[in-house]
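What follows is a single chain, given as structure tokens, in the form predicted on its own.
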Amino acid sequence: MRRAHDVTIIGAGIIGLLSALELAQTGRTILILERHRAAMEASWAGGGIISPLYPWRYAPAITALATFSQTVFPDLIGSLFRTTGIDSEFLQNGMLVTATSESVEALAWGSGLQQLVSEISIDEASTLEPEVCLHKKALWMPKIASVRTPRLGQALRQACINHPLITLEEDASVSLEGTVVDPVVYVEGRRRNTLVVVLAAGAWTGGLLDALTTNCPIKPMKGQMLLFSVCNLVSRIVLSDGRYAIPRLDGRVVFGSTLEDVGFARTPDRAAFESLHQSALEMIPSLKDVAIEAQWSGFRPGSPKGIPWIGPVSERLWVNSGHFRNGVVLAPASARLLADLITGRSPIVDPNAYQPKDMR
């Protein structure tokens, strides 16, 4: 039997990797187990907006985590670049929200928060983004940023590999046995000793808990995206009718996304392509002349009301999952909160809203 670790984290997406780094800062030894390669599922597929879409629609529990994360993201990205040499392409150019009738709600939500929200005229919006089709006033959120999620995942993976207290095992066939009170981790059929197990497996969390006869409503919600070739048509995030365009530093544009309750059916399809392409042209008509380089899909960990579960199922079994559409923006706060709770520190936010009560 291999040596024991203080904490075993199952799942090496952005949530799992950041959780490992946070816990390692407390001196604990960490084993991360990943069924494929780290940060290559939802963490790779996501757009990387450092904000919930239409943030005023969300519960205060989401706002609390998002606000903390937005504060620490610039330093996090800078630290990762210095220590790994990988640029996550943090771009804080703001988000333009068009085709919305929710100005009253948005302005009320933004009142008193660090995140600025203002209503601007069509002319002002056109000055910001001349290629975007506008029909009425827009909302402008100048502090919203984005990251290039595949590169953020690579940087976090490398940071974990570099850390002396973290062991990352990829392509690991992982299973759970035992009970929620006394969970046992197996890799390739061999038991691994650990004091604490953390499930950060995203959309696969429920499947792991099935073995412990535990009900878990976290489930896969498929999303599909398009990548437009270098065009430099937008320089800010644009959100319209639930679809969004995200500029990359190299001039490409990511456009998304669908929301599909189809289980783990991964293959991108023509219907989604046509729907996304039509929405993209309605938002930015000049994209009709731009080649599409890729279409892909990923599985968000859907959860009731989109509120993640961050906390203990038992003394030895913990969960950090169910972030739905907000995994990237909530990741730093979620990892910090998990570390606070496991180590007994004062939590950064009230943890009650995130406790997996239904699983006890």
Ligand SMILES: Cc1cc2nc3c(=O)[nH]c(=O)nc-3n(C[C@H](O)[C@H](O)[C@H](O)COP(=O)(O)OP(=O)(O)OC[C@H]3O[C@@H](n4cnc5c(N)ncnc54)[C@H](O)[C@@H]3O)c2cc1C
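So that there is no doubt, residue numbering starts at 1 and follows the sequence shown. Given the structure is predicted, the values throughout are model-derived calculations rather than measurements.
Just so it is clear, the following notes concern the form predicted in complex with the ligand, a form of the same protein that is not shown.
Peer 1: How about Ala20: is it within 4.5 Å of the ligand in the predicted bound form, going by heavy atoms?
Peer 2: It does not: once the ligand is placed as it appears in the predicted bound form, Ala20 has no heavy atom within 4.5 Å of it.
Peer 1: Is there a non-hydrogen atom of Ser173 within 4.5 angstroms of a non-hydrogen atom of the ligand in the predicted bound form?
Peer 2: Yes, contact at 4.5 Å.
Peer 1: With the partner left out here, check for me: in the predicted bound form, does some heavy atom of Gly47 sit within 4.5 Å of the ligand?
Peer 2: Close contact exists here: in the predicted bound form, Gly47 approaches the ligand to within 4.5 Å, heavy atoms only.
Peer 1: Considering non-hydrogen atoms and a 4.5 Å limit, does the ligand approach Leu65 in the predicted bound form?
Peer 2: Leu65: no contact with the ligand in the predicted bound form.
Peer 1: Is it true that Glu131, Phe228 and His277, all three, sit within 4.5 Å of the ligand in the predicted bound form, judged by heavy atoms?
Peer 2: No, the whole trio is out of contact, none within 4.5 Å by any heavy atom.
Peer 1: What stretch, of 203-211, 81-89, 151-159, 278-286, brings heavy atoms to within 4.5 Å of the ligand in the predicted bound form?
Peer 2: Heavy-atom contact with the partner occurs in 203-211.
Peer 1: Answer with one of Leu31, Val319, Ala42, Ala335: the residue that has a non-hydrogen atom within 4.5 Å of the ligand in the predicted bound form.
Peer 2: The residue from Leu31, Val319, Ala42, Ala335 that makes the contact is Ala42.
Peer 1: At a 4.5 angstroms cut-off on non-hydrogen atoms, which residues of 279-304 are near the ligand in the predicted bound form? List them in order.
Peer 2: Sequence-ordered list: Gly298, Phe299, Arg300, Pro301.
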